[in-house]
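Taking the form predicted on its own, here's one chain by itself in structure tokens.
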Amino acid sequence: MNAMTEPSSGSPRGDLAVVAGFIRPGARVLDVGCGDGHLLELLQGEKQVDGRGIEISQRGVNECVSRGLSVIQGDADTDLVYYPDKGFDYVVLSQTLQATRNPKLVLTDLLRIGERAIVSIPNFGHWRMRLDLLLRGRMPVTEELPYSWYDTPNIHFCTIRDFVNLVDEIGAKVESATALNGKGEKIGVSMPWWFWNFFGQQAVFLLRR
């Protein structure tokens, strides 16, 4: 499944460096929705990981394979069931959870397959989106979320606070987290959730059971 919140620009997104920072060298990593393989390539080059990927689009799979990456075609909603328990040290789902049909089940599977899960999400509770809804009365369209309501692949809109509540509901724990602005720069380190929920445009979470 592709990252669903922005069109491909040919360069890695800012959140990918944060994701990579959570991963120890030499780890076994599964990147779910790996797109064109930027993260896997980064991890193999800088962390020497044993990396695997799953991607829904044939174009993305072809791009990954052309880079020498081990990627197969598959859907996060239906194909994670085939992966064994604790088969990886880390399972990554970057900017894709909101585009899945059953986010709760997908998140549960990530934590079953990996010792830890790393999930990055766009924050639909950012103040600009709230203001846009308040003043214009229309679904926001931004650089980070460029789709109109009728053609967006994002089917489960959530805020940072919503995601934290879901983590609690499935009995998982947030081991570490970082909120980012639209450029992928960290904001408000060690701030409370309400601050990130209002000012963060995206967030990256390191989760464990």
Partner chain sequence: MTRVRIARAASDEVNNPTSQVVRFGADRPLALDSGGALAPFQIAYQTYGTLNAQKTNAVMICHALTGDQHVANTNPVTGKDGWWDVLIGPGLIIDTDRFFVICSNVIGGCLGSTGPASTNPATGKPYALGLPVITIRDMVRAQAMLVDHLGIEQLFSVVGGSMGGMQVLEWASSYPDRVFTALPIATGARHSSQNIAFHEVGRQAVMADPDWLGGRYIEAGKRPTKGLAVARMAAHITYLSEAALHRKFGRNLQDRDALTFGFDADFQIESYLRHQGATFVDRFDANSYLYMTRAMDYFDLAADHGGRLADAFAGTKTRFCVVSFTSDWLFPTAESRDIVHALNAAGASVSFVEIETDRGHDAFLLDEPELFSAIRGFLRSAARARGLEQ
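Numbering follows the first chain given and starts at 1. Just so it is clear, the structure is predicted and the values come from calculations on it, not from any experiment.
Absent from the display: the form predicted in complex with its partner chain. The rest refers to it.
Is every one of Trp127, Thr142 and Asn165 within 4.5 Å of its partner chain in the predicted complex, counting heavy atoms? Not a single listed residue reaches its partner chain in the predicted complex, so no.
If we take heavy atoms and a 4.5 Å cut-off, which stretch out of 177-185, 32-40, 66-74, 156-164 is in contact with its partner chain in the predicted complex? Only one stretch qualifies here: 66-74.
Considering only heavy atoms, tell me if Pro84 and its partner chain come within 4.5 Å of each other in the predicted complex. Result yes; Pro84 sits at the interface with its partner chain in the predicted complex.
Its partner chain contact in the predicted complex: Val61, any heavy atom under 4.5 Å: Taking the distances in the predicted complex, the answer for Val61 is yes, it comes within 4.5 Å of its partner chain.
So in the predicted complex, is its partner chain close enough to Asp79 to count as touching (4.5 Å, heavy atoms)? Yes.
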